[in-house]
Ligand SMILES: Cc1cc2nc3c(=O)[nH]c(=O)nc-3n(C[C@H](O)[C@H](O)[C@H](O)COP(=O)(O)OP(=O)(O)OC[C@H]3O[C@@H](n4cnc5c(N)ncnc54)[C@H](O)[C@@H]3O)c2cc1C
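Just one chain follows, in the form predicted alone, and it is written as structure tokens.
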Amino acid sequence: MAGNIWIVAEAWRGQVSEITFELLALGREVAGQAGVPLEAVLLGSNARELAQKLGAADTVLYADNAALADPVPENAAAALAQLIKERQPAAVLVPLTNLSVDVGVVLAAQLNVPFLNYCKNLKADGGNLTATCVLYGGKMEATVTASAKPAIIGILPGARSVEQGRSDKAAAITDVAVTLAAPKVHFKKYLDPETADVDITQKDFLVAVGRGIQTKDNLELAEDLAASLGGAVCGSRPVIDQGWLGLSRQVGKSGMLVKPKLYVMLGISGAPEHVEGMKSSQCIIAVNTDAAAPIFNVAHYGVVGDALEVAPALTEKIKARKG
């Protein structure tokens, strides 16, 4: 395969985002299959020290420009387009997060090449790049072969583990220059959300509730179970939309990404949007009355039953074991 594999490193407020390491792990695999180097591209302003954390790449291309200080998709795409025309990579992997989701679309339009979006896996075989992409919120999958160079590929969170992409090796950094027009969009300030009563992303044990708990009053059953485990209660989007739990407790594509040791689901069917937020949990237990619920394809253990009956029974068993 002619041309290197690139990953776009995402940095925000002085930190490298976790998805960057996921892309490094995936990019390392693809570059190895293709027999070409892996390069990370870091765009920023006075952020060169962050490039040192990207040692899993063979080379880090660092572009420093005041217009790249904030995550404006148009500016990032313009910088990437310049570098791509100069260096001709075979593929560019772009993270699909709230910060970077628009970068790949704009970049592909500027280069007049197709954009493979919502990809959860990528392989190089016989000189071709083949991506597995999800459609309709994950209800369908499509296997697509990149037909143009460079291939611009949007990668979903969770494609690989974060730890796979970390490295203690010192990164080889190459400074590159880009010329950007005055940005049309300016950031005035960041507005942080109100501090939540609990940070579910830091909990080892979570009990998640869905429509199957039927009413807000039944949240008490989930709270009792979570308390017996020493964890917290969270929920799927329908529960949050009804106001039964605060937004900070929502798990899923439009909520929080959680990776607890134990994730117990009460009455959650398993919509792809929810699974996206919790699929990296170490142990997943699902309780649902529908034996055909998609969540049983994700869970390590499943109970076909009424969550309102199973939850208190589990609580009593846990309390008894704890004495």
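Source: prediction; values computed, not measured. Note that the rigid core is defined as the largest set of C-alphas that superpose within 1.5 Å between two forms. Numbering starts at 1 and runs along the sequence shown.
The protein also exists as the form predicted in complex with the named molecule; that form is not presented, and the subsequent description refers to it.
ask   = Has each of 255, 271 and 289 got a heavy atom lying within 4.5 angstroms of the named molecule in the model of the complex?
value = Every residue of the candidate spot has a heavy atom within 4.5 Å of the named molecule in the model of the complex.
ask   = With the partner removed from view, which of 146 to 154, 172 to 180, 198 to 206, 247 to 255 is the stretch that lies within 4.5 Å of the named molecule in the model of the complex, judged by heavy atom distances?
value = Selected range: 247 to 255.
request  = Would you mind picking the one in 30, 293, 50, 56 that has a heavy atom within 4.5 Å of the named molecule in the model of the complex?
outcome  = Comparing distances to the named molecule in the model of the complex, the residue within 4.5 Å is 293.
query = Between the options 87, 216, 166, 211, which residue brings a heavy atom to within 4.5 Å of the named molecule in the model of the complex?
reply = Exactly one residue meets the criterion: 211.
key: Non-hydrogen atom contact residue 260 with the named molecule in the model of the complex at 4.5 angstroms   = Output for residue 260 is no: heavy atoms all beyond 4.5 Å of the named molecule.
Non-hydrogen atom contact residue 120 with the named molecule in the model of the complex at 4.5 angstroms = Residue 120 lies outside the contact set for the named molecule.
Residue 160, heavy atom within 4.5 angstroms of the named molecule in the model of the complex = No, no contact at 4.5 Å.
inquiry  = I'd like to know if residue 305 sits close to the named molecule in the model of the complex, meaning any non-hydrogen atom pair within 4.5 angstroms.
reply    = Yes, residue 305 sits close enough to the named molecule in the model of the complex that at least one of its heavy atoms falls within 4.5 Å.
query = Rigid core fitted, then: does residue 277 show a CA shift of 2 angstroms or greater between this form and the one not shown?
reply = After core superposition, the displacement of the residue 277 C-alpha between this form and the one not shown reaches the 2 Å mark, so yes.
inquiry  = Once the core is aligned, does residue 241 move its Cα by at least 2 Å between this form and the one not shown?
reply    = Shift at residue 241: 2 Å or more after core fit.
ask   = With both forms fit on the core, has residue 303 moved 2 Å or more by CA between this form and the one not shown?
value = Comparing the forms between this form and the one not shown, which are aligned on their rigid core, residue 303 does shift its C-alpha by 2 Å or more.
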